[in-house]
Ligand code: G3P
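Before any questions on how it binds or moves, here is one chain, the form predicted on its own, in structure tokens.
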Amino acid sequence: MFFYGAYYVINPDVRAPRILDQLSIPHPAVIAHRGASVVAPESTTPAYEIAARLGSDYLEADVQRSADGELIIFHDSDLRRTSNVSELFPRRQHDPVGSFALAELRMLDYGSWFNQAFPLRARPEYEGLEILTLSELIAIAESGEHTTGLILESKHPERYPGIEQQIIDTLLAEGWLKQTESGRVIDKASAGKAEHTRTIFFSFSPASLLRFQDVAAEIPRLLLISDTMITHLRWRSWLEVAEPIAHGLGLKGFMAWPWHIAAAHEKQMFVLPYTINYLWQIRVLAQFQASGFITDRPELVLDFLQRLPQQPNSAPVRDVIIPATPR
């Protein structure tokens, strides 16, 4: 085993660019995890706008559904960590996100917690930030100098029956995806209207990925694997689970060993590690031939890749290149 591992450390598998090219995904892909979430409140307008302005390839977002059926962007199961729900709805602070109507969710403040937790990065404009809907996130992705792609995770899909179809319907209604005359759902890259694939679907749930496959088979899908999941099922077994339903795997950075990446490449699947926030991690995973980086610090990854845009001295982009400590 030692010699097997040493071989792949010295000679990592280099098929990632070709695999991603077949899917029209840039290599290496820079994915802003909940936006530029070290320098702005996660999953909010400023976090996503900063990430897009920096030149991130994709904005990563967790999609859930409000009690009145609206698709919202929010990570946690409940609202306590990143809002003032305990002040406005003290009796409901432990309730699931999906038990609140959109109008109730709009009443909450999703930015002040960040200013309190990280005073060195606090900004007055972060106070009173509202929750985003999927349609609003699409507008952000399309509003910059170049359209930034979206990586959408179906969060807790078992709580929201039919959410995969609803996500597809919203993307179609907003003109983000296209439906052909034969009924195929395709990305704008497939239609020749974009340089790269603009949409990737994430999920920890194989069943949710299968539903995405049924609705939009040509849109790339990625099976997420947590550190606890890998202990219950060997790596090659996870590859067998993923192969029929996914084009790639997302896993905790410390599991992205070069022999795991090589085994995924053998099955024509790419590997995106998360959440990569330190320079040493970026260097190591680049050597291991990871297909990209899911990061809270897109500015750090883009700087490493020498892809940061040139900005005037007065531009806000300069302000996000800071020696931040990831959460």
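For every residue, the number given is its place in the sequence shown, counted from 1. These numbers come from a predicted model, not from an experiment.
As for the form predicted in complex with ligand G3P, it is not shown, yet the points below apply to it.
Enquirer: Pick from H75, K188, R211, H247: which residue has any heavy atom within 4.5 angstroms of ligand G3P in the predicted bound form?
Expert: That would be H75.
Enquirer: Since exactly one of A242, L105, L177, L224 fits, which has a heavy atom within 4.5 Å of ligand G3P in the predicted bound form?
Expert: Here the answer is residue option L224.
Enquirer: With the cut-off set at 4.5 Å between non-hydrogen atoms, does E153 touch ligand G3P in the predicted bound form?
Expert: Yes, E153 lies within 4.5 Å of ligand G3P in the predicted bound form.
Enquirer: Taking any heavy atom pair closer than or equal to 4.5 Å as contact, tell me whether Y110 reaches ligand G3P in the predicted bound form.
Expert: Answer no; every heavy atom of Y110 is more than 4.5 Å from ligand G3P in the predicted bound form.
Enquirer: Decide whether V30 counts as a contact residue for ligand G3P in the predicted bound form under a heavy atom distance cut-off of 4.5 Å.
Expert: No - in the predicted bound form, heavy atoms of V30 and ligand G3P never come within 4.5 Å of each other.
Enquirer: With the partner left out of view, is F288 within 4.5 angstroms of ligand G3P in the predicted bound form by any non-hydrogen atom?
Expert: Contact with ligand G3P, no.
Enquirer: If contact means a heavy atom within 4.5 Å, which one of 297 to 305, 60 to 68, 259 to 267, 279 to 287 is the stretch that engages ligand G3P in the predicted bound form?
Expert: In the other structure, the partner sits against 60 to 68.
Enquirer: What residues, if any, in 84 to 121 have a non-hydrogen atom within 4.5 angstroms of ligand G3P in the predicted bound form?
Expert: None of them.
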